[in-house]
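In the block that follows, a single chain appears as structure tokens, in the form predicted on its own.
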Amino acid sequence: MNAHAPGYRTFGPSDACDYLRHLGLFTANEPLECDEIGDGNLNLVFRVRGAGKSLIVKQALPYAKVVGENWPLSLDRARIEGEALLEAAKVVPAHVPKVHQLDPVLALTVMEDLSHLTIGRAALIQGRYLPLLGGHIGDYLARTLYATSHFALTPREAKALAARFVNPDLCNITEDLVFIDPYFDRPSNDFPEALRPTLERHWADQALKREVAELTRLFLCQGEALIHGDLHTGSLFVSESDTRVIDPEFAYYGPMAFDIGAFWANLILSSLSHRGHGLENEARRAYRHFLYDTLETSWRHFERGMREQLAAGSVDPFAKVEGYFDAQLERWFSESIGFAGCKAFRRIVGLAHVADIESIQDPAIRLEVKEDALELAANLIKRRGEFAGVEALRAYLESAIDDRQGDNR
């Protein structure tokens, strides 16, 4: 039992089954099967199957599994995750799992089992085409971010909601592992020694550090909306027709562009990684262009969704001042590019890498991909204000990835 959380105890498979029976989600005598399926760093995850249905029990641990009990974490993040899913369900119920029970004492959430879908990162590594992914994520972002912003809420309402999502422990993880440690030679970094000369060049780049410092300030100080806080492709369940966003335990009131940039960063890393995943030249180029399409579509759906909601009504008295909302969109776009660069950079240098790249079998190709990712990420950070729109960003990615790397390697 965790001494800092009276009533809390760590579950095993039999505990998960008994808990669901107690809730009446399964009958007392119903035979159940339970498997621990979590492979993340912070939680236990159980899948419990009965005769006619299956449910997920996700329980927060009081420490980070990747480090151990020497890295304690608040159990309140479980409440934050569950409540963030419930907030999202108010506006995009089709894009989040259904929550059946939220238990702050035991730091767990019971939710819909989405195992009929595939984790987004795995689908992209497999080279699957997901034609609705970009539109679904753009819609999710537009609806969740607008609904919790000052465009939809009065200042008093927004402050009350923000107070429910104060999340210092997990924000601190992001602050250290995304914005600070990767740009200095810190013990928490994790990279092959062959990357050190490239990293030392970036660590000495003062222009890069100035931009990262500004993006860090935005993350620390710009509370615009309730953001997911960790919207990478591993936080998605997907199919060709369905997209669900999961794991918002990093949720807090922060900059809207952080969620957009996180999604873009993972598309960009995926596009770089396919040199090492066996697709032939033309197939590889075609799949990268699907990923560029997904990025572009996500922004177009986000922009359209934001404008539609603004037209339907806003409590912000300045919302319809000529040019005001256009300026906000321009700012969000530039910030999204910068955050995408930060999120991509940290996945090469920092504590948690991405399977897209780490699963490349050829070590020489894997190293080249990492070098290319660092260069591209740094350029996105430094040049984030230079792109006139999403078409210009796409053109730059095509040039930087397609033309520079080529499909003859």
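Just count from 1 along the sequence shown to find any residue number. Small disclaimer: the values here were computed from a predicted structure and weren't measured.
Note that the form predicted together with another copy of the chain isn't included here; everything after this is about it.
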>> If contact means a heavy atom within 4.5 Å, which one of 208-216, 263-271, 89-97, 301-309 is the stretch that engages another copy of the chain in the predicted bound form?
In response: 208-216
> Using a 4.5 Å heavy atom cut-off, are Lys159, Arg186 and Pro317 all in contact with another copy of the chain in the predicted bound form?
Replying inline: yes
> Does at least one non-hydrogen atom of Gly135 fall within 4.5 angstroms of another copy of the chain in the predicted bound form?
Replying inline: no
> Hey, in the predicted bound form, is Tyr129 touching another copy of the chain, heavy atoms inside 4.5 Å?
Replying inline: no
> Would Ile180 show up as a contact with another copy of the chain in the predicted bound form if we use heavy atoms at 4.5 Å?
Replying inline: yes
> Does another copy of the chain get within 4.5 angstroms of any non-hydrogen atom of Asp113 in the predicted bound form?
Replying inline: no
> Within 4.5 Å of another copy of the chain in the predicted bound form, heavy atoms considered, which of Ala194, Val105, Ala286, Cys221?
Replying inline: Cys221
>> By the heavy atom within 4.5 Å rule, which residue out of Arg143, His150, Arg164, His232 makes contact with another copy of the chain in the predicted bound form?
In response: His150
> Can you name the residues of 323-344 that have a heavy atom within 4.5 Å of another copy of the chain in the predicted bound form?
Replying inline: Gly323, Tyr324, Gln328, Arg331
